[in-house]
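Same protein, same chain, two forms; see structure 1 and structure 2 below, as structure tokens.
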Structure 1
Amino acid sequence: MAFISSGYNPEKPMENRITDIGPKKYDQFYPPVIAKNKGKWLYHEILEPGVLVHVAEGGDEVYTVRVGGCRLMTTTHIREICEIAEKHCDGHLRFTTRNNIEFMVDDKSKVDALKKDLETRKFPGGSFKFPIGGTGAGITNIVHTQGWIHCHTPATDASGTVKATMDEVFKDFQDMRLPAPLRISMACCLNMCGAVHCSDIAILGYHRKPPMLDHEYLDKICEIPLAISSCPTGAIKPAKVEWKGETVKSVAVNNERCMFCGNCYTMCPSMPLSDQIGDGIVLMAGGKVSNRISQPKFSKVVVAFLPNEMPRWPSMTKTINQMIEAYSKDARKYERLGEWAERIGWERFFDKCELEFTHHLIDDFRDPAYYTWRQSTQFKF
């Protein structure tokens, strides 16, 4: 493994240095039919799950076949995507915000061959490489984060929980039977790199034990004032600690005030909090970001804790299924999950989804909590 230089010279880092050129400009990648009709699209139609047609003012058409993808993706897989794009789409493709891949062709006659090609490609383990779907009133791909594959703060895995969930709801990825689109998102800790707080259903990794204190190293590795000020609840204070016969500068945590956000760990590696038993899953529901009919809404916590059950998280997928089925049966056409819950009332939501309401679901975090308590005698028995 000899080192190959690209031409970069560490002795003179500024020599020929190019910086701040930004991304490639978007329009050099447009398929010709997109370039030609940009801003002139008249309407679109979903012909079948995963297949869209967009029609331009001048009559041009673009047919899009949308397929699910893992956001964790190897170059081998990307090369296969490229091969498909070259075979069917003159070498063009795009990715969607939710990690789907879209293959576009400019003529209806090209769609069938493309679809057939996509459907027949499978991994040796049996899963589809390019399942077609993810449109309309169904379930599209899950936006998610890193999890155990590559991050230092997760309380659960991301790719695994997503695979387990998408396998369970796969039928709805390839169907459009729901009252409205249903978006599932996943984040493996409260940082929510994948931001799940406005999804119809959100899977969130959560810690339940306060940080451990690595007194021996804490003062050497961390800025104690930074660790203290990082805590949103003021649970951390400076402390002198006896450690193996020596007095060391460290911190003390008021465990009762800790809400396990992990922010201290972000600032100070000597305060890890992950734990086999303590960590698990929170489920949230009823959020949305679109302004359609009702205003955007945050997701609400509906299950305070489920254990990590590797590799397929059966309690989690079962609960998600319960919510989807109750919603599907009961909601009106065009009604998002959160709109349905608000119409029937959250007390009824818990009945219909067969979820238990526990004291953990009553907000007690600062001011906004008050606005979530009921100040009325209007409620349902």
Structure 2
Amino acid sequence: MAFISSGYNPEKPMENRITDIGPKKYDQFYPPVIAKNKGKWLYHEILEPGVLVHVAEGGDEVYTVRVGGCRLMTTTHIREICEIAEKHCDGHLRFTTRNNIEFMVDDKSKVDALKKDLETRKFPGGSFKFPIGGTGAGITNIVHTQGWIHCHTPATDASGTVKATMDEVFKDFQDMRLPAPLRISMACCLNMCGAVHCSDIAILGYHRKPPMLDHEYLDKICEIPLAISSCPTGAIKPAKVEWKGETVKSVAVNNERCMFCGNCYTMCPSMPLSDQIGDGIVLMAGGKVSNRISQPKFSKVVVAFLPNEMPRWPSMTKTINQMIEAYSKDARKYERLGEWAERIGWERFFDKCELEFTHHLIDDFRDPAYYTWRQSTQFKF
């Protein structure tokens, strides 16, 4: 009866049905030249760092100017992006998966004016608002997580570490001198919403101490079964604790099984994990998503721990620079960082990058799926 009274007709289920609830369908926002040639693109070229051209089968061209964008933006910055798009691109722009902004024009004669406009826009401190680059065999924008600005489990900051790193490697954002693309990603804790497990170089915030327990309030503000079930290693169990002369319901943590992920704190604010001394940064290297030349690879830990050195993280940026310079000098053309490391051997990788090696960095994990999955273009016969 409910369906009938609401007007639903089982004989004609699509009659008067609203199916487009939420954002409009993406193809309504294509630039006309892209809508016209969808599925008919013949090839594309990188004309210079940050500038691309796509050519369609019928001869139509789209010129793209890519600029670095920031993960967190003010409304005034967004309005300025829209102003540029209205002025040069008939109101069209797009964001890449790495937070770059791409302005597209349908005529080569419009590119120079767009570039000059972007290059003149600077912040009061003198840095570029819209630096052009991030294409080809260089470094593109760093994808990153929330960090101290807007997350409850970070072991380091995201925006701060990324800004410090990009300032150091900015020349390679605007150049294509490297053997192949080099992707840097950043996640501020082991939950890794920055997907750093498959990046050429990865910055990872890392906790080194188990959660603290606020027995006084734990049972008052947490659901104990939820806190227990949140632990991926089963390190938490219920416990009764003597607190200020009375027995309270709480939990106990097996420190040997804790992997410092912070899931428990997500479920229970009375189990905080952050610690000024214990928190810091792990650097990983050698991962990639691409199928080209070799299979996709997971990143490997190459620096076990660096302290948080706010606000510029000099030890972290120095180490990242060492890896980039060694890779740029020694790798073959088209060789990604992980492929270079595997060709010369990881022992020599540590030597060339001037990294300290310890037995803790030995990676001997082999899941059964490692031998059985065939989700790649790199087949074995």
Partner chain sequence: MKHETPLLNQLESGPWPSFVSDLKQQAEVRAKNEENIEFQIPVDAVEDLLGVLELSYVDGTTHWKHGGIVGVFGYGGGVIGRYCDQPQNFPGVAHFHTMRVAQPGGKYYTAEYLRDLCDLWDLRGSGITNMHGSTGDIIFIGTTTPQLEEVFYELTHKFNQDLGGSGSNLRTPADCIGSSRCEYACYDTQALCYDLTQEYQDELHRPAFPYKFKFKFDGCPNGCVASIARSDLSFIGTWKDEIRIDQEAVQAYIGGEMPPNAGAHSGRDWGAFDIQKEVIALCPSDCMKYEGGKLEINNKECVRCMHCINVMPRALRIGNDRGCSILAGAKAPILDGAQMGSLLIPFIKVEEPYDEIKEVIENVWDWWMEEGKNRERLGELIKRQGLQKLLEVTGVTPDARHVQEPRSNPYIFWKEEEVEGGWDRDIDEYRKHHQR
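Each residue is numbered by where it sits in the sequence of structure 1, with counting from 1. Since the structure is predicted, the reported quantities are computational estimates derived from the model, not experimental observations. Definition used throughout: the rigid core is the maximal C-alpha set that superposes within 1.5 Å between two forms.
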* Go through 1 and 2 and tell me the one that is the form predicted together with the partner chain. => 1
* With the core lined up, does the C-alpha of residue 107 move 2 Å or more between structure 1 and structure 2? -> no
* Core superposition between structure 1 and structure 2, C-alpha change of residue 224 at least 2 Å -> yes
* What is the C-alpha shift for residue 12 between structure 1 and structure 2, rigid core superposed, to one decimal in Å? -> 29.2
